[in-house]
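A single chain comes next, written as structure tokens; it is the form predicted on its own.
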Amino acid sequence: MASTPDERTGRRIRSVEIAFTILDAIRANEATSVTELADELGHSKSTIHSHLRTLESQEIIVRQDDGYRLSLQLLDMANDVREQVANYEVIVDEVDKLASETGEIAHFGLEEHGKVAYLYKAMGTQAVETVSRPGGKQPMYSTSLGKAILAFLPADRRREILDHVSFAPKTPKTITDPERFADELDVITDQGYAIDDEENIEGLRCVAAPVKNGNTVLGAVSVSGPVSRSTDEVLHGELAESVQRTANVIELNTKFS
């Protein structure tokens, strides 16, 4: 017997979904008053008002002027999230060292809900600023972090993620063919690191290595730089070695902590 949508995805509570769309709208500052939120989200003013009062009573939002903003309690929650990641302080130290050593942007990311989520970002002296930030997410198929994680995930989890990937192009160089992408993952598994060749952001190339604990993929660490500096020789040479060395240090600290 075929499973129902509820059985596949789990039953969802509509009021909770509305609350989170409200938070997203306030976060984006697209709408902060009851009227603006009702117009933006397509709900009645009474529905928006009741959700806002509930969120305010839980101190998740704060009334400000004629609207609302997110409360600082969310920053406290974010700090708790970091503390729940194993060896967060080691990750910070090693990613900082990687950025200092290479002069470029260094990231640590992990898989959440089929995407790569940035946990930490460090800027080297030559780094080109990007829109990435801790807590932000990007597709796994177009980033070196995501590809490095995917290549070393258990086969069933990898299939589960890829079954829901649309392979929409982020740039003209994004791999959009599932068969070609599968071949790419095989190459990554063999060489131990992944490359993003302007596949997520034009003009930016990245290299990443997975961070593992036995058969568990904890995340990945990456370096990103402009194409003018990230030549094939540099990308596959010193930068690939640097991210693999950083990943190994984090792995050792995880294993023996």
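Treat the numbers as computed from the prediction; the structure is a model and nothing was measured. From 1 onward, residues are counted along the sequence shown.
The form predicted together with a further copy of the same chain is left out here; the points below concern that form.
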property	result
Proximity of Thr125 to a further copy of the same chain in the model of the complex, heavy atoms at 4.5 Å	no
4.5 angstroms heavy atom contact with a further copy of the same chain in the model of the complex for Ala182	no
In the model of the complex, Met77 touching a further copy of the same chain (heavy atom, 4.5 Å)	yes
Partner proximity in the model of the complex: Asp39 to a further copy of the same chain, non-hydrogen atom cutoff 4.5 Å	no
Three-residue site Arg158, Ile188 and Thr231 fully in contact with a further copy of the same chain in the model of the complex at 4.5 Å by heavy atom	no
Proximity to a further copy of the same chain in the model of the complex (heavy atom, within 4.5 Å), stretch among 202-210, 65-73, 220-228, 189-197	65-73
Candidate from Pro154, Pro178, Gly135, Pro169 lying within 4.5 Å of a further copy of the same chain in the model of the complex - any heavy atom	Gly135
In the model of the complex, residues of 171-191 near a further copy of the same chain [heavy atom within 4.5 Å]	none
